[in-house]
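Just one chain is shown here, as structure tokens, and it is the form predicted alone.
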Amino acid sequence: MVRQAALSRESVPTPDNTDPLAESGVCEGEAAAMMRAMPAKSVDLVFADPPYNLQLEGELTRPNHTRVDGVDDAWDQFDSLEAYDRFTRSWLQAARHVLKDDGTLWVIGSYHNIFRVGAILQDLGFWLLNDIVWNKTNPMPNFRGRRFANAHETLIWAAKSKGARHTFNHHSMKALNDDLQMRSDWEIPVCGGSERIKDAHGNKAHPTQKPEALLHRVILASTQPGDMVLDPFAGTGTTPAVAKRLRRRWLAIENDPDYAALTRERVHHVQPVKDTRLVEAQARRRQPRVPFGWLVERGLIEPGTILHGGAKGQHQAKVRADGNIVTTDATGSIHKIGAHVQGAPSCNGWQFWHIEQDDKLIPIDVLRQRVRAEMEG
């Protein structure tokens, strides 16, 4: 992947703007106008990183008097909040035009703009699914010391309407998060190091380049291979780069010819994952049912074996020949007795109960998985 760039606009051809969806590619032009010219309901996912309207005043310096490379570009400046609202409503209406009925829209912003964007989204009929807090693990300090350091940005994830079907690859998100349900607070570093696109002078090519890890999560969560991903404010091309790698079709719209050139060159060097199966949504695999009694039948646990329950094995029960377990005052399944000894309404006995092997306590679920492996060949 290209990290340094003083690039030619001719390196990758621009798609025919009369039919932007004919192929993945970069289209130069104003976001709302370009989207309005596209076929209706032709996009599965819109990821938008619009101008934030940061309203910065004066030059910002560090304590050592060096200048902070902030966002002072003309594309982020608006005459008033009303002007910014008109701009936001225009591009959101156009995004609604191109979005499929079962597609979703992601938009990212800061406290300067995200609340205004969210209100306009609702005014236009979008249905908010989540707000995601991107916690930056390496945020820029507040050098003036007059307020808290801005350590997060907010993403809004919205469906086209209330009750609309939409893609959410829940099990892929769990797998990405070490088999735990993904939460709405994401800890991801800001873009830096070799990932940061530089210009010919070694300076940041774009002041607000987003990290690929952020887009990897967004695209993996809400699309399938072959889906069309649109970024109407492409910047230096993080969204299309990740979309291409994950074998999604993509379209980038960028009003600045220099940024468009950077995007073309960057994406040109991205190699898609070769095996489509590796980027498909992970579905819940239906595993064979294995009752606890089968472990007893197969001799993996002998009748009379002591089970130890809890993190420290503080609860005990004895295994019966029929697969029930017995405590001093109750008999029943591993789940029922696990709940009973804890005074809890329910219990996953497979994780709660342990047996002793080689002076260690191991969950009985390890034995269940062994039986499943035998059943599946």
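Superpose the two forms; the largest set of C-alphas matching within 1.5 Å is the rigid core. Not measured: the values here are computed from a predicted model. Position 1 is the first residue in the sequence shown; the rest follow in order.
The form predicted in complex with another copy of the chain exists for this protein as well; it is not shown, and the discussion that follows is about that form.
- In the model of the complex, another copy of the chain sits within 4.5 Å of a heavy atom belonging to residue 106.
- Shown alone here, residue 154 lies within 4.5 Å of another copy of the chain in the model of the complex, counting heavy atoms only.
- In the model of the complex, another copy of the chain lies within 4.5 Å of some heavy atom of residue 212.
- Among heavy atoms of residue 264, none comes within 4.5 Å of another copy of the chain in the model of the complex.
- Contact with another copy of the chain in the model of the complex, judged as any non-hydrogen atom within 4.5 angstroms, is confined among 251 to 259, 199 to 207, 230 to 238, 273 to 281 to 273 to 281.
- This chain appears without its partner; in the model of the complex, the one residue of 166, 97, 268, 89 with a heavy atom within 4.5 Å of another copy of the chain is 166.
- In sequence order, 168, 170, 172, 173, 175, 176, 177, 178, 179, 180, 181 are the residues of 167 to 181 having a heavy atom within 4.5 Å of another copy of the chain in the model of the complex; the partner itself is omitted from this view.
- Fitting the two forms on the rigid core leaves the C-alpha of residue 335 displaced by at least 2 angstroms between this form and the one not shown.
- Core-superposed comparison between this form and the one not shown: the CA of residue 37 stays below a 2 Å shift.
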